[in-house]
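Quick setup: one chain, the form predicted alone, written in structure tokens, and binding and motion questions come after.
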């Protein structure tokens, strides 16, 4: 009796995507580094050796040592503990702002691109007005209207980033609405909402994912920048931007106070950008064809 060899099942889209990402060593390194930052933000107070909010004036301005890996600040608080604890506020701020921008920008872009006409003119006119302001200035204006505080900072940064996703999704929707499968769905009597959700939105996902990953670094920096200006939450709560602002006063006498949060912001944004480049290459058909 002959034995028929059954070929293994073809890898799915997710498997092919991760296979492409794994080929990019810099992207994998960025993902690992970002995973460590996320782990520190999640574990936070459970793993730090000192209370990040408790001052100890007798230990103020100590340089990095075995007892304090990153030194202490002007109030004697352990900087390593504050950097690890501050990762939670900074990451939640960046991710929250990214979520707000997606929630506002993606629906606006879908409606403008698919419906066209007056809706397109109205929504894109609003987008053009918002994009005429630099992102940080628009966020500052929103904070001035909403008031200071971490929640309002997240809303302001999300509002400033929303036009980027609106224009991106609009362009994709304009190209997809004339495709044969979309025209066929309309001809079969599908409602506009069903066509958009079932046929247009899935085609917009790859550029949304790439832009969202790359945009995360910008939102983290912007949230930290507003914290640097004193527009965030409680000054005693560890947050990288506020910590950097406090350390800027002692750059000559104790530069480690500013270098610790500044280095955390740098490494986090670098890790996000490295991983974002790998994601962009993995979703780019030309790059996939070149790599085989």
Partner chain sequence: MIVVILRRAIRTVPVLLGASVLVFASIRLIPGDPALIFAGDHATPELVAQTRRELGLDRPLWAQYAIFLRRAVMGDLGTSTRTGRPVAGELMHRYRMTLLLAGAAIAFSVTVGVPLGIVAAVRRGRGPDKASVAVALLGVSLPTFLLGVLLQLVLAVRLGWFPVAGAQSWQHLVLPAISLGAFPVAHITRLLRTSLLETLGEDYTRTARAKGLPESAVVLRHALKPALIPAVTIVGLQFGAMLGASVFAEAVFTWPGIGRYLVQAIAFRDYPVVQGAVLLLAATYVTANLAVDLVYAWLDPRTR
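Residue numbers count along the first chain shown, from 1. Only a predicted model underlies this, so the values are computations on that prediction, with no experimental measurement involved.
The discussion below concerns the form predicted together with the partner chain, not included here.
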{"item": "Stretch from 66-74, 53-61, 31-39, 243-251 whose residues place a heavy atom within 4.5 Å of the partner chain in the predicted complex", "value": "243-251"}
{"item": "Contact test in the predicted complex: residue 133 vs the partner chain, heavy atoms, 4.5 Å", "value": "yes"}
{"item": "4.5 Å heavy atom contact, residue 273 to the partner chain in the predicted complex", "value": "yes"}
{"item": "Residue 44 within 4.5 Å of the partner chain in the predicted complex, heavy atoms", "value": "no"}
{"item": "Non-hydrogen atom contact residue 141 with the partner chain in the predicted complex at 4.5 angstroms", "value": "yes"}
{"item": "Contact assignment for the partner chain in the predicted complex, among 193, 137, 184, 118, heavy atom within 4.5 Å", "value": "137"}
{"item": "Non-hydrogen atom within 4.5 Å of the partner chain in the predicted complex for each of 169, 202 and 205", "value": "no"}
{"item": "Heavy atom within 4.5 Å of the partner chain in the predicted complex - qualifying residues of 252-271", "value": "252, 255, 258, 259, 262, 265, 266, 269, 270"}
